[in-house]
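As structure tokens, one chain now follows by itself in the form predicted on its own.
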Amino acid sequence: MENTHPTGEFDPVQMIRLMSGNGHNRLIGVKYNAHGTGWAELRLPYNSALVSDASTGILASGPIFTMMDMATSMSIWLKSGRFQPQATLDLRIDYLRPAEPGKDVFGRGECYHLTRSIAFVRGQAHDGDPDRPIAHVAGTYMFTAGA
């Protein structure tokens, strides 16, 4: 998969461009927002097609989970500085409250520890105020190259 910058480092902007053209990410419209060493932040634009209950306008939990899986995955590649094939071993999400109808949702994933074969991640989703999170995530990924 081509996802490196001409300097050889992992390029999250190019990766999100590739991933948002396929599968779930294309359907939900996830966008790149920001990144740093070991973290990535994505944005899920509000879309009425992703609402779980038309009477409330509240986004379904599935698109938020998909965005957080992608944000935490990208944080691993940013921490290691390169793309490595990986599988999600565990990703738990605790929903704290519903997203406010009409607002975009932001998801920030952070890789806080890497071993030779496992990556440990955490993250948070919010709809504009990081001090009022919608959800927290925690998980582990396993590198699959050579498996």
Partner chain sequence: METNSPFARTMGFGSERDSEGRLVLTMAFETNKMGRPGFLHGGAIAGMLEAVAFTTLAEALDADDNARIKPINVTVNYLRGGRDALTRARATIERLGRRVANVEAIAWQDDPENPIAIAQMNLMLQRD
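Numbering follows the first chain given and starts at 1. Since the model is a prediction, treat every value here as computed from it, not as a measurement.
Below, we refer to the form predicted in complex with the partner chain, which is not included among the displayed structures.
Chemist: Heavy atoms, 4.5 Å, the partner chain in the model of the complex: which of 112 to 120, 81 to 89, 37 to 45, 99 to 107 makes the cut? Say which one.
Modeler: Of the options, only 81 to 89 has residues within 4.5 Å of the partner.
Chemist: Within a 4.5 Å heavy atom cut-off, is His24 in contact with the partner chain in the model of the complex?
Modeler: Yes - in the model of the complex, heavy atoms of His24 and the partner chain come within 4.5 Å of each other.
Chemist: Does the 4.5 Å heavy atom contact test between Ser61 and the partner chain in the model of the complex come out positive?
Modeler: Taking the distances in the model of the complex, the answer for Ser61 is yes, it comes within 4.5 Å of the partner chain.
Chemist: Considering non-hydrogen atoms and a 4.5 Å limit, does the partner chain approach Asn33 in the model of the complex?
Modeler: No, Asn33 stays farther than 4.5 Å from the partner chain in the model of the complex.
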